[in-house]
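Here you get one chain, nothing else, as structure tokens; it is the form predicted alone.
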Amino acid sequence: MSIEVNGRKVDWVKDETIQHLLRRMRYTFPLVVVKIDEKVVPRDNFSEIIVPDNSKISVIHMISGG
């Protein structure tokens, strides 16, 4: 059982939320967009959405400049 996070295969953890996955993968940047199998997950739902087995997760850091 595994998932893919930004192209890297990692172990899947049963009942793990997106919030816990981000913490486990050490994504600490405050502004990120998360997609599960190409579907954007609303930031307000990070603590509720469970990561499904065999899913492809994309974590995109939002950067601003000027």
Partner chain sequence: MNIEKAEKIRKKLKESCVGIAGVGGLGSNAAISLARAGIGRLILVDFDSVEENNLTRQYYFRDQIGKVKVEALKENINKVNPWLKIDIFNQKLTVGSMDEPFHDADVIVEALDSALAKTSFIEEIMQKLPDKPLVACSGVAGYGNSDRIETKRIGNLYICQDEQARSSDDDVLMAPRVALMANWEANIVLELLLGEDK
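Bear in mind that the values here come from a model prediction, so they are computed numbers and not experimental data. Numbering follows the first chain given and starts at 1.
The protein also exists as the form predicted in complex with the partner chain; that form is not presented, and the subsequent description refers to it.
Q: Spell out, yes or no, whether the shortest heavy atom distance between residue 58 and the partner chain in the predicted bound form is within 4.5 Å.
A: Output for residue 58 is yes: heavy atoms within 4.5 Å of the partner chain.
Q: Indicate whether residue 42 is a 4.5 Å heavy atom neighbour of the partner chain in the predicted bound form.
A: Yes, residue 42 lies within 4.5 Å of the partner chain in the predicted bound form.
Q: I'd like to know whether residue 62 contacts the partner chain in the predicted bound form, with contact meaning heavy atoms within 4.5 angstroms.
A: Residue-level check for residue 62: yes, a contact with the partner chain.
Q: Which residues within 19-35 place at least one heavy atom within 4.5 Å of the partner chain in the predicted bound form?
A: Heavy-atom contacts within 4.5 Å come from 31, 32, 33, 35.
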